[in-house]
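Consider the single chain below, provided in structure tokens and representing the form predicted on its own.
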């Protein structure tokens, strides 16, 4: 394992600070600095960007981002045991690393970041999907971030990039692909981590689009997709009845067979259906 800086190897850092990974926090530490450097490179040129990192743990990816030229890194870490190790990195990179101790679900990072912003993280497994959905569904689009370079369980990564007709295709694929371009850029086996998780992992790079791929109201599209996939094995003429009992004409107008199932319907068709349903789903004016 080659060094990317003059700080101690991560195994020594973990031993010094007694940082055993905690399952309750979704922690699996990636100790190979060659791998963390490779993940950082997937995010592109970082020299003109502020980086948001969630769950840095002992700081392997944090070091790779800073060594790779990141203008500045904001690291949000819930586990206070990791703060001493992260502060050692901050001392090594003066004025380039800010550390916040807290839950990323409760912290607004924008007060600490300057555009352009990219998010790069080995996300804790227990909050990864929730954070992704938040980043994909802001009140306004484009979002505050240019790109997301995130590690997930392989199963979640495959759901993000899934296509119609596949088992993994569902709400997550549609939400992501509507307004962004996702690609799996790395795969990692369980043995790359300490302790090894029970599943493989993958890094997904997601680039925000300036505008959605197809026109649709965000809240209406999210509602239609959620209802459709709530009973994904049912035909849409049945699955979508919670929206309107007279759903079939809207399906036909959107170019969707009423007997189709959600997992076979394309993003473009779901957007067309959202537009069809907008007049009856728009909230009444106050």
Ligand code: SAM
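Positions refer to the first chain, counted from 1. All values derive from a computational prediction rather than experimental measurement.
What comes next is about the form predicted together with the ligand, which is not displayed.
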Report task. State yes only if every one of 57, 122 and 127 has a non-hydrogen atom within 4.5 Å of the ligand in the model of the complex; otherwise state no. Result -> yes
Exercise. Do residue 78 and the ligand come within 4.5 Å of each other in the model of the complex, heavy atoms counted?
Worked result: yes
Practice item. Find out whether any non-hydrogen atom of residue 103 is located within 4.5 angstroms of the ligand in the model of the complex, and reply yes or no. Key: yes
Exercise for the section: With heavy atoms only and a cut-off of 4.5 Å, decide whether residue 30 touches the ligand in the model of the complex. Expected result: yes
task: Answer yes if any heavy atom of residue 26 is within 4.5 Å of a heavy atom of the ligand in the model of the complex; otherwise answer no.
output: yes
Within 4.5 Å of the ligand in the model of the complex by heavy atoms, the stretch out of 47-55, 221-229, 65-73, 242-250 is 47-55
